[in-house]
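Next comes just one chain, in structure tokens: the form predicted on its own.
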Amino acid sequence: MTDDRDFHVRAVAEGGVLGGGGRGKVDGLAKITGRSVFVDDLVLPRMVYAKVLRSPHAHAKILSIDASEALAMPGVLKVMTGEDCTARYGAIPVAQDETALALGKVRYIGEPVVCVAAVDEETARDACRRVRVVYEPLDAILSIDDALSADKPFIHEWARKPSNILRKVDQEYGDVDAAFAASDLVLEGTYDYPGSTHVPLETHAALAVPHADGRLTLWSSTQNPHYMHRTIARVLGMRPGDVRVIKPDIGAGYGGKCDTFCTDVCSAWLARALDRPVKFVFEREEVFYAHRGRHRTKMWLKMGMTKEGRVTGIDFKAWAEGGAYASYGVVTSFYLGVFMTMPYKVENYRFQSHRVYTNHPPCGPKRGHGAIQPRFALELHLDRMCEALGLDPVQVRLDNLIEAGHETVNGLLVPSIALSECIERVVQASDYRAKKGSLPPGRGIGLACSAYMCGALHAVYDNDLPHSGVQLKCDRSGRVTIFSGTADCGQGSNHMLAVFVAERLGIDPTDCTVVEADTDLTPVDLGSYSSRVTFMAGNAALQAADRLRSQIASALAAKFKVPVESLVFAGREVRGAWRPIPWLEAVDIAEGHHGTLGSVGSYKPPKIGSRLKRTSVGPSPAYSFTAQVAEVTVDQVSGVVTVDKMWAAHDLGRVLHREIAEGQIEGCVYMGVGEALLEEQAYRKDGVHMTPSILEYRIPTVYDTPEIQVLLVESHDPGGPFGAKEAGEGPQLSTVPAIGNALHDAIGRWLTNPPYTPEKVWKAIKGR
């Protein structure tokens, strides 16, 4: 990477655009005025609609399907079953276990069994009710204990090695037992983190259009258009070049739109079968069955500590309930352990994780995927040990922190870290030390810290190709078009690309047009997951912008006989010649000198850290760090918990746009408050979803959301674009444990199983 600091200082002095402060997003006006176009806004000639019939059983064989009554209905055009599209697919190559519709048997209540295409949604919905399916119920696996039992049937009996354990991971570093023997305190504890779901404003949606030449276009509400493109082509038996995937605007994802869903595959298959456009949009209840949310996780943690507060060793076990299909569960099984020691120096560490199949809707990636659950356990455990040893939780964390350049015991290299400043700032802003243990009964304050990644070093499919690509087109109008395969799902990546390019070229972001996520037009980007987009696509955009700037600079230097290095691009002009050259004139000169102007940039993560094979899921080019303090009030009569205020300090490397960064951090805290107090994807003992609507599945409203004070801390990461790191997932990891530690300060009891409902808290108070 190039060193951006000197360039940035010069550019900002001349009117650069980084840093934010009152600048709106380039696509913000369209969204707030309702002009953004989502999948469900698209209407095409001869378009028809798809709906699915879902399973009423958690686990059952499909004995027969009779669709004759449905097919006889006026307006019904086609009925699709699992036998029509039998290719298995999945997010991870080693776990391809899904089909578009249930094939042979159903594996959870709500699984799609039959898909009907009709002239309108109501006809399709009514036709689904008239399809007759005969089932033979099977014994269901509805808990982690069921999945681990040798007496239960296999959910995926067709697998090469049938098991209800998708993946088991064992890793050990150092001598954990010797570390415990040398400790002044060894403490064990169990923790239970709930499953939860994303609740995006926009439901999952797809629109497929067949073409006369045999090609197919698919619009999808997806976070990962590249991986979906691969999946659709393979499942339908088509050449990748004959499939076009377009991601329009998305009404949020939070990880819930990373997978390929039946909306995508069924609409594509039906469009080809009918030779008509097919739209398939989930209703709100169906999103809860599609799920792919947080894994419910049982954890056991044993930690050693000296009387001075030095962490000597950690032993950790986790069991994650993954639902009926793999999704990203193979990755989850690693994420449950590989980040746990970070940001603390721990030289003796072992963990064992299990990701198991159950007959519930499949779990997958949700904001902070796989890392939130163990972070909750660790941060509560640290405070428990500090209490037992009479130590200051703030000082213990500070004394155990890693430094920049540190490589963790499991081979994760940390290029930059400013967590000590994060801790100091939230402690000072909240007056934590004065309040801890001193607030009136029923009020408390708590601290927690965390670390998260900035994209994965490894792609989902093993290859040596770039992870992000950007192409720029510049013509004599002066407008720069940015082509990128990124998937903006509300986090602001479109604006980020425009800002990076504009900063390098000395123009305004509004002078740029971003064309994103169209597999016919844009270069490959691996998608919006693992907080990778700013870091990886940002570096690709900078490389492309540098190359375009070099073309223009070389032409101007030749014409005006000045050194290239003397030219400064800022304020829509180029300075350094005998007079400032307006941007439009500079572009004309360059096009006359070089011909048509354009450039490309790409990014492939460097090989950093020890990159041991067994830790291949987890290494990242950089890591962000967060410290949070929560202040809570507990009604000791009802058990109702109110989070009064949250202080969140986040090491994001470099502030690129203050309002967007603050908004992302506030969103993380908001989602964490939901998981701490309200949210749980819960099921009855027979597998029935208990809360498949927003009326029943409670997410925080304005009345539940505390005041949030965001503190942005800069560390300037050497590999990040302009020194930047992620800010869209990592801040959530600290929220729930900070609230948990504050709750203990308020009532004197450790509650290790959120959400902290009034009933749980009231029982804890009564048992005090």
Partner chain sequence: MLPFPKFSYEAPGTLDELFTLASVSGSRIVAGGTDLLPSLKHRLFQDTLLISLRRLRELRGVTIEGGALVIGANTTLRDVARDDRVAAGWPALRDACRTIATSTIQAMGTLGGNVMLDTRCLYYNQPDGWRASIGGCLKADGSVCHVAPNGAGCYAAHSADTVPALWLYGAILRFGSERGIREVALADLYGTDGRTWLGNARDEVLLAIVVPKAPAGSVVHRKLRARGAIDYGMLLTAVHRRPDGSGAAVVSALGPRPVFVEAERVEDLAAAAHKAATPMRTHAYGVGWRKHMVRVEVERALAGS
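Because the structure is a prediction, the values reported are computed rather than measured. Positions refer to the first chain, counted from 1.
Below, we turn to the form predicted in complex with the partner chain, even though it does not appear here.
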| query | finding |
| --- | --- |
| Complete contact of R125, L678 and T757 with the partner chain in the model of the complex (any heavy atom, 4.5 Å) | yes |
| Close approach of P56 to the partner chain in the model of the complex, 4.5 Å, heavy atom | yes |
| Proximity of T701 to the partner chain in the model of the complex, heavy atoms at 4.5 Å | yes |
| Contact label in the model of the complex: K168 to the partner chain, heavy atom within 4.5 Å | no |
| The partner chain contact at I109 in the model of the complex, heavy atom, 4.5 Å | yes |
| Residue stretch of 430-438, 239-247, 633-641, 253-261 approaching the partner chain in the model of the complex, non-hydrogen atom distance within 4.5 Å | 633-641 |
| Contact assignment for the partner chain in the model of the complex, among R129, H594, R479, K307, heavy atom within 4.5 Å | R129 |
| Sole residue of F282, W319, W583, Y357 within 4.5 Å of the partner chain in the model of the complex, by heavy atom | F282 |
| Partner contacts for 255-279, taking the partner chain in the model of the complex and a 4.5 Å heavy atom cut-off | none |
